[in-house]
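In structure tokens, the next block holds one chain alone, the form predicted on its own.
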């Protein structure tokens, strides 16, 4: 019964859904955000974001580079790394430190501190947005007089689909 109820409340990344909608929404937001902030959203940056959005798995830079090469873009590593750095810097993607890989941001329109749930069996990654500064971590930081500016929380386990 517990497994069944966990499946019914699983985050969208562990459920089947319309990736086309994810891609269109995120790319539109990135274009509008770049335009509003005077940033260039180049064809290579857009394509890297689209590649990240095609699945809910973290991807290494060389996996992205292979896809770029198939798409006819320059296949030199700096091309992928520069695009990824731009996407991460401006909140359109995140780096998953544990995997040394990247994933598109699930909610780029919101300023947030994500927590990543990483399935150790299928490598699916789901981004959630708990309010860390108000929970136990925030209380502990406050107790020692520490101001949290950035956190990276990565949780490894088994997703509902692999259980």
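Keep in mind that what you see is a predicted model, and the values were worked out from it rather than measured. What we label the rigid core is the largest C-alpha set whose atoms superpose within 1.5 Å from one form to the other. Numbering follows the first chain given and starts at 1.
There is also a form predicted together with a further copy of the same chain; it is not shown, and the following applies to it.
Among 115, 33, 55, 107, the residue placing a heavy atom within 4.5 Å of a further copy of the same chain in the model of the complex is 115. Contact annotation: of the candidates 103, 65, 119, 51, the single residue with a non-hydrogen atom within 4.5 angstroms of a further copy of the same chain in the model of the complex is 119. Proximity of residue 29 to a further copy of the same chain in the model of the complex: non-hydrogen atoms within 4.5 Å are absent; the residue sits far from the partner. Within this chain, residue 39 is remote from the site of a further copy of the same chain in the model of the complex, having no heavy atom within 4.5 Å. Residue contact with a further copy of the same chain in the model of the complex: residue 44 places no heavy atom within 4.5 Å of it. Shown alone here, residue 61 lies farther than 4.5 Å from a further copy of the same chain in the model of the complex, counting heavy atoms only. In the model of the complex, 137, 140, 141, 144, 145, 146, 147, 148, 149, 150, 151, 152, 153, 154, 155, 156, 157, 158, 159, 160, 163 are the residues of 137-163 with at least one heavy atom within 4.5 Å of a further copy of the same chain, listed from first to last. In the core-superposed comparison between this form and the one not shown, the C-alpha atom of residue 155 has shifted by less than 2 angstroms. In the core-superposed comparison between this form and the one not shown, the C-alpha atom of residue 142 has shifted by at least 2 angstroms.
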